[in-house]
Ligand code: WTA
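To begin, one chain is listed below as structure tokens, in the form predicted alone.
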């Protein structure tokens, strides 16, 4: 493996010592949706047949004439088939006994609540779909959405899908600059936002950020504004461009025919960090994506008709797309949305919501679990969590200690844990236990989902042996895989398909143990995983160098107790500028302005020089060694090895 995986190798040694195993209880196995281990063999022997059976669970306007066409790296699924995502997520349920069943349970941060039945949701979606049409939005037009976790976010994305307009949701924590970049790349026609969003009792100024972003977005014609915080903040409404949501839908019909979409028509574009700094517009299409998310949601979370399911992610990330909206609603499941943070107004908020709504399935991130651990067992112990039946983990590898804490204090030693691995690009979960079959191991995502084929390879492309670390690749197409990077097919091929011919390169390190279980080791490229959010080192470095005081910057991810990885920046200042704590804080805020709060560096260290090779390449590997307190690796390729020694001494003195 390359020098970028040194930290992962250290983690691997610790994981090899993990020998605990937790099989499903006989009671859980008996009632599980999937209880026959032969499902893996059946899917391996006939993968097309396996996915056809799952596709038949959806409603199609027209059937497909070919299941899959695979011309590496280009793939098509259910060719010739026509369907609509919103018909499958909403309309078809209204024709059944689910009509009055809650589709979305919503809890606002201040404590306000809303329940939308499938019938309610259909009417709201239809009204907004007609409103979009009145703004000139038609099939193929891109719509940007920049909202907090309010019901209108779900309504907007489903309305876009109903009229065939690909949505591009931008996480509400991103800055105006980041929003502008994504709007321009997608050439969005309309942006949907709010006057603000609640976060820990404060208002996130969404509309003000949009106004700033739109100073350089020529494609935007209209801005639709949801009134969320009201009189708490005053927003500027530009005549002729800005429209209040409630005014727009006031006279809109609640009847709307769905646009028949080809299976390969774009459903949405979602931007994710790339190693070059420029975000990648990941393109997901309609048919295969819906098949993949629906199947994985039903099997992995063991969904029952009366379940209340809660994924705590933000819909601005792919987890929210696939496992708050599309997968759950396609399965006719009641999905819960929460607007705020887990520690407001106190650290028991999540458990209060579980108790209040009698949540059965709970899906959260290791970052959150580590925070819960730090806050103490007394918080979850105050609440009745007996409704929980399955608990899950997503976003990054979970360390065994956090897994055990989760098992004991949230699952109360009776709930199977589904530790899931997947990516924005994969669209659906690819490696995970099936809770009625799989004996879980703390820290392992266990096995590929039926129909998924994965390998761990070395630098030469050869499979590694049990216990050895390597690069995780996928060797067979799956329905929800992304089709390209929007507007940049060459980058799609170069990033994901050039390292190993005919195999999808995930960019993650992994090992496989003697039982065939997969252990994920995190990113091996220059993308950091901060609290489950992928942030490029290049993006943060570019933001730092954008500051007039900075001559050069190198950024690395370092181990962080809560976030998995924190961000450490090593900065060289321009001549005549003196380092200071005030400047450190100013640089941190500059990154927040350029990218958003999620990219704020935890530490900034001023240094006269950065360690570089003779060809002037910054050796981030050595900076990681310094930040993690490790013995320095090979320095023979450095132009001046003394630079690293000086920097190490300085770091130890200041840190």
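Numbering follows the first chain given and starts at 1. Only a predicted model underlies this, so the values are computations on that prediction, with no experimental measurement involved.
Here the subject shifts to the form predicted in complex with this ligand, a form of this protein not shown in this document.
Novice: Can any non-hydrogen atom of residue 423 be found within 4.5 angstroms of this ligand in the predicted bound form?
Specialist: Result yes; residue 423 sits at the interface with this ligand in the predicted bound form.
Novice: Can you work out whether residue 394 and this ligand are in contact in the predicted bound form, taking contact to mean some heavy atom pair no more than 4.5 Å apart?
Specialist: Output for residue 394 is yes: heavy atoms within 4.5 Å of this ligand.
Novice: Can you tell me whether residue 536 touches this ligand? I mean in the predicted bound form, with a 4.5 angstroms heavy atom cut-off.
Specialist: Taking the distances in the predicted bound form, the answer for residue 536 is no, it never comes within 4.5 Å of this ligand.
Novice: Flag residue 318 as yes or no: does it have a non-hydrogen atom within 4.5 angstroms of any non-hydrogen atom of this ligand in the predicted bound form?
Specialist: Residue 318 belongs to the contact set for this ligand.
Novice: Tell me, please, which stretch of 114-122, 395-403, 196-204, 484-492 lies within 4.5 angstroms of this ligand in the predicted bound form when heavy atoms are compared?
Specialist: Checking each option against the 4.5 Å cut-off leaves 395-403.
Novice: With this ligand left out of view, choose which of 455, 419, 314, 541 has a non-hydrogen atom within 4.5 angstroms of it in the predicted bound form.
Specialist: Contact residue from the list: 419.
Novice: Check each of 186, 520, 550, 390 and return the one that places a heavy atom within 4.5 angstroms of this ligand in the predicted bound form.
Specialist: Contact check passes for 520.
Novice: Could you pull out the residues of 279-316 that have any heavy atom within 4.5 Å of this ligand in the predicted bound form?
Specialist: Read in sequence order, no residue approaches this ligand (within 4.5 Å, in the predicted bound form).
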